[in-house]
Structures are given as structure tokens and as C-alpha cells.
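Laid out below as C-alpha cells are two forms of one and the same protein chain, each shown alone and named structure 1 and structure 2.
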Structure 1
Amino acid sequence: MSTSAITPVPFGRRVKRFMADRPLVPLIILLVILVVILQILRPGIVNERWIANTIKFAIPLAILAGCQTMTMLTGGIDLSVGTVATMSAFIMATQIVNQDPAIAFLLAMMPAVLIGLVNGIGVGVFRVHPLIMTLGTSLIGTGCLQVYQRTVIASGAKIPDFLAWLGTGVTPIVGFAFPNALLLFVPLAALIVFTLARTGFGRLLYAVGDNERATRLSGVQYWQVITALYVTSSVLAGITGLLYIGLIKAPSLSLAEPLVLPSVAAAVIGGTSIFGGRGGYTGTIIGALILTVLTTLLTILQMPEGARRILFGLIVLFVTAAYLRIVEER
């Protein structure tokens, strides 16, 4: 009786399979490597203060990347998040001068809801491609903000104290300075993770991205799912703008625009497929931390802003190409 020889699995393939089954592991390893390189290039930089500042700047990026994660799960994208965040921040800073904080907050969030609604209807009802739709509303929103600016030049702007406290403040706990922004981000991140993993709405996002036609045939109202998705994305972007202006403390007409491309890159690095149906928010958070540490590293290396954008674009292309290769091998 003959026995067939068992061919051993090559070590490289075992490692690749391990990484594919545990996608967070290589992300954490990459993050640690970047921190080590940073410490080697600038000894002593990695300390309690640096960690707190890194978390402060990573949180707004992580929230915007959450918007991209959810829209990308359906095969879409939201390029209007930067404009929405900027509008909410600028309106809040200018309305708080003469209005009650609650009224100023509602006025600041109104454009977010409106743009999200327009995006959702455009993509879900009229079938406009998400990239075109959100780019169009972004340009329209930027124009409206420029017109609005002329009406509030005389009144000036002010950063609310509670936003400055939330954006830049720290609270000592057990000897470590925890950024106050975590009070907003932790519940928000937990809500997003729970929504994607444990709710019907989250499962619908995956289903739409995996097979839209099958989802429609199963009786799902596609336009309702997409409209709710883009309204949620815009509301999160509006909240990000309020947090970010408390961190930057300088309202401008392009406040959050530089975060748009990094937010897409963070979602892609975190394992979310731009083709839909695959991904999660936990990886996106780590992706945002990686890009924030990478930005610090590039600053130390004195790399200009243009080169950073090129690098972020290359990261998106590289990760997308790697994903396509994995899909082909499967």
C-alpha cells in the first residue's frame, strides 16, 4: 500500500496566508517600524507629548477615513468630506460670535446634512457615479462658502472654548496625558465598528458593494441605503470639521481639504477595497495612525507638501494593485 507524499507548504506562502487571515498584524508591524525609524532619526522624539500630539492629529483623519471606509464598502467614495468639514468649521467659527452655541452648532451642521442628502439622491436615485457626484457637490460647497465669507467679514470669527478644549486639551489619567478628543472619538469609533459588524445597515453596505444586483433582487431599497450612507458620511465630516478647528484654531476656506486624499489612503491602507464589499474600520484607524506618523517622518526629512501628496497617491495605487493581485490568485 503506497502512501502519497505530503508536499510541505513553502514558508513564504504560509506567511502570506497568515497575513491575509490577520490583516491587522502587518499594519501594526508597519506602524511599529515607522515609530522605530522616527526614534532613530530623531532620538528622544517618541515620548508622552509626542504620542498625545500624534493621537490628536490622527483622530480627525481617522474620522474622515471612516467616511471613506463606509462609502468604499459600497463601491463608492466621498470626495466632498473635506469641503463639508471646512464649511461646518468656518460657519461655526463665524456664527458663534453672535449666536448661542447650540444655534451655531445647528447652523454649522445644516450644510453637512444638505450635501449628504444631495450626494445620496444623486448616487442612489439618479445613478451618478459617486466620484463625479461628490466632486461636484464639493466644488459647489466651496463656491457657496466663498460667497458666505463675504457676508461675515465684518463680524470676524472666534474659536469656541469647548472646541479648543476638545481639540487641543489633555486630561492626566494614571500619569499619562490623554487627549480630550478621545472622549469624542472612542464612542464614535465604537459606534462605526458596531454598525458595520452588528447591524442590518452595516450588512447592507457590504452586500451592496459585493453584489449590487443581487441585493436589489432580494428586495433591498438601494437608494434608501445609499442616501442614509452619504448623509451619515457628511454628518461625520461636519463633526470632524468642528473638532479640527478646535485643534488648528485658525478658520480658513481650505481648512480640511488637505485631509481628503490621506483619508482615502488611510482607508485603503487599512484594508478597505475601493471595489466594495471588503474592509473594516479597525484597520482604517491603524491606517490613519500610520499616515500621521509617516507625515511626522516626512517633516523631519523636510519633504515638501507636493511630494507628500505624490507619496499618498502612490500608496493608494500600490495597495490597490496588491489587492487585485490577491484576488487574481484566489
Structure 2
Amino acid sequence: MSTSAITPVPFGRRVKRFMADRPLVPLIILLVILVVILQILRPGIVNERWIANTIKFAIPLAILAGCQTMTMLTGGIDLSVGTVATMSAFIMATQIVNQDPAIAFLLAMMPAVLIGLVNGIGVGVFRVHPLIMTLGTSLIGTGCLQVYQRTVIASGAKIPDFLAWLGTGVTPIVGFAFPNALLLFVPLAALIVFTLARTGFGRLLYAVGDNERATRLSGVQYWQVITALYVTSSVLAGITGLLYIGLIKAPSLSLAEPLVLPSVAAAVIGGTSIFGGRGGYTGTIIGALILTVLTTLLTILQMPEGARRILFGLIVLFVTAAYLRIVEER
């Protein structure tokens, strides 16, 4: 069986195998190619300001895609993240008007924890399919938010300065404008990557997604893992909401909804299996960057809206398929 090492391997195969062992490489190459295309179409567009903007918009998407990555590892999905983020953002913006910031923050995170808990119990204890469970809670959440909106019409809304600073601000370091959102994102991403790779909880996510019965026989209590997972996912979504309201600066009742499907797409492009047990967060981050750059690219191409959507769909499909091909080589 060791003979394969002796026979010379053709160069093409070697490249493929190299990429298969480092699945991030092809993703990064794709990202670079997209940026180059952008630069060719609009010379000069790739400048400091553009990079900062792209990062700013990719971060909320990347965090939500992190929620999808973690839930997808267990074979689930969290479609309530859009609603949760919107709720946190809206509650923050309306409560800050006449509340202490700390209390407003706690109030804003409350629905996140609650929805996460309900999702977790529904999926973990009652074994409701995550797709249905999270769709249901997002419907309920949206309804509650609308009822809540009635009660605050009179008092108006305000974006806390701190969130605006975090969402839109940049800090020049050695001549380059770093978006402040990175202050939040870098530690968060590091934490997620570490959790998945080096903690018991991360191990359990992979194992539960792979074979739930086996984990049960090993003493794992499924409902605990799932509940902790969906609460984590919801809390992350809530934090994203706060960041996003700082970026958009306009509270609306559907603020983060448009991010939901792209967040699933980003996780999938990043190589996480929707069936569970396989994937990681680094790929997801690059997936989010790819989608953000792609959106810019399609905006710049002067095409009818219909053609743009067709192109978006085809590219997502093509990228996922190509990536699967490369990684399967292993």
C-alpha cells in the first residue's frame, strides 16, 4: 500500500491533492480572482476604502454564517438568526432612548436567549426538525416584534454612538484604516475556531452530527448539546444584530432578514456539510467574503436585475460544486 509513494504522481494530481489537503487554498484563490476581476472591470476600485467597506459588510454575514456552520455541523440549520438579529437591533435602538445602556443591552439580548432556548428545547427534546423549529420561532419572533413596535412608536429610536462607532467607524493603524468591527470580530472568530477544534463542546457538535446514537451510548446528553448550541447561535445572532444596526443605522422590522439565505450559502461555500459532521469556521469566513465581493461585482455589472440574480445563483452553485470536486480528491 506504500507503493503509491514511489510511482511519480502527475503534476495536475499533485496540485489537486495539495489543495485537497488544504481546502482553504482554493477558496482564497477564488476570492483573489474575484477581486482581480473587479479591479479589471473598474480600475482603481480596489482601494483602502473599498477593502474597509467590504470587510464591514462581510462581518455581520460571517457571524451569522458562523451560526449556520455550528448548527449545520450537528445536521441542523438556524433560520431564526435573521429575526433574532433584527429583534436585538430594534429593541436596542428603541430602548436606548430612555434606558441605561446596560439595561437596554440586556433587554436586547433577552429575546435572543429566549428564542435560542425554545429552538434548543424543540430540536433537542422534542426532536422537531431544525428547519421547521427555527422557521416557526422566527415567525413568532417577527409577530412579537411587530406588537412591540406598536408600543414604541411614540418614543422613537436612536442608534447608540458606541454601536455606530463599532459598526461604521475605522481606526487608522500604520496608515491603513481598520474597521472597528474587527475589534469584535477577530476575538469572536478565534473563539469559534478554538471551540470547534479544541474543546469538548466542539467535539460533541461534530460527533452528534455524525452519529447521534453513538454519542448517546458514550454518555452524551443530546438535549444539553443542542440546547447549548442553539442558545449560542441565537446569542451570536443577537450580537450581530447590534453590530448591524451600528452599520446600517436605520432600525427596521426586517433589518437582518436578507442575510439569512446568504449566511447558509456562505457556510456551504466554505465547505461545511449541510448533513452534519464535516466543516469548519475558517472556510465560512472566506465564504462570507466571497459572497460580499460577488455582490459588489454584480452591482457594478450593468445588467438587468433578473440577469444579475441568475448569475448570482449560478456562481454559488458552480463554486460549491467545484469546491466539492477539489476536496473529494482526498
Partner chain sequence: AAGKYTIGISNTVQGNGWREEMVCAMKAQALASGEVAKLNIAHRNTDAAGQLEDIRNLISAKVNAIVVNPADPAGIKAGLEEATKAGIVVVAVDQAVTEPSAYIISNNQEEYAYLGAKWLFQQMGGKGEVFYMRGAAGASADSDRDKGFKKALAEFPNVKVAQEVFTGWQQDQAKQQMLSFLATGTPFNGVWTSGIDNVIVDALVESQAPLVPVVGADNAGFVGQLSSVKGLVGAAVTNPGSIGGAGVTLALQILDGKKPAQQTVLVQPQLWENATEEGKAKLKAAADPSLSPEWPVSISIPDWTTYTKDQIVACKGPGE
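What you see is a predicted model; the values in this text were computed from it and never measured. So that the term is clear: the rigid core is the largest set of C-alpha atoms that superpose within 1.5 Å between two forms. Quick note, the numbers are simply positions in structure 1, starting from 1.
Between structures 1 and 2, only structure 1 derives from the form predicted on its own.
A movement of the C-alpha atom of P304 reaching 2 angstroms or beyond is seen between structures 1 and 2 when the two forms are aligned on their rigid core. Overlaying the rigid core between structures 1 and 2 leaves the Cα of G313 displaced by 5.6 angstrom.
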